[in-house]
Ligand code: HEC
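Next up is one chain by itself, shown in structure tokens, the form predicted alone.
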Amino acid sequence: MDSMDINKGLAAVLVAGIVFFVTGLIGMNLVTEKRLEKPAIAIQGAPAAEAAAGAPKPEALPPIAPLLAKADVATGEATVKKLCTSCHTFNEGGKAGVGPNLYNVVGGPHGHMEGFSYSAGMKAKTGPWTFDALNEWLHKPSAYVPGTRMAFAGISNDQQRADVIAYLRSLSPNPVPLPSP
């Protein structure tokens, strides 16, 4: 191979590099980026920009007792099968999945399943799972227990939450009495 062939090869590489560079400069000047004023896709459960800026707290949840009075256990079971069975089990003596078994959870302590590795925030919670506590938890787990490992945005529909709580209440040999509406 003589030096003329080497020079031709190097010249071809340099010319290709210059062409790519110039094409990139022209493309950057022809196509401009426009910032969106708001996100194109709203992600449910993601913190809003206003919340980070210190927006006012969301309004309180409605009382759960009247919603439980008209709750449907079958609808709650269907919702649980759709949303919860990928991580939880619901049978008596069932093993934990990604999350703990939820049999007899209503009225039981927050860390009710022996041997399950709960997050530090959940371990700090004391007292039983009341209807109101379950309502807050199912609405937004990350707000009820900051630092929870449960990757679930929550159930925003009030009646749907009540249906799920009614179903969870039915998973017990001695269900906790419903609160008076």
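Heads up: residue numbers just count along the shown sequence, starting at 1. Since the model is a prediction, treat every value here as computed from it, not as a measurement.
The same protein has a further form, the form predicted together with heme C (HEC), not shown here; the description that follows concerns it.
Please tell me whether any heavy atom belonging to Val73 falls inside 4.5 Å of a heavy atom of heme C (HEC), as the geometry stands in the predicted complex. No.
Using heavy atoms and a 4.5 Å limit, would one call His112 a contact residue for heme C (HEC) in the predicted complex? Yes, contact at 4.5 Å.
Does Phe131 reach heme C (HEC) in the predicted complex, with heavy atoms at most 4.5 Å apart? Judged by the heavy-atom cut-off of 4.5 Å, Phe131 is well away from heme C (HEC) in the predicted complex.
Examine Leu83 and determine whether its closest non-hydrogen atom to heme C (HEC) in the predicted complex is within 4.5 angstroms. Yes - in the predicted complex, heavy atoms of Leu83 and heme C (HEC) come within 4.5 Å of each other.
In the predicted complex, does every one of Ser119, Ala151 and Val164 come within 4.5 Å of heme C (HEC), counting any heavy atom? Answer is yes for this spot.
For the stretch 77 to 106, which residues lie within 4.5 Å of heme C (HEC) in the predicted complex by non-hydrogen atom distance? Read in sequence order, the residues that approach heme C (HEC) (within 4.5 Å, in the predicted complex) are Leu83, Cys84, Ser86, Cys87, His88, Val98, Gly99, Pro100, Leu102, Val105.
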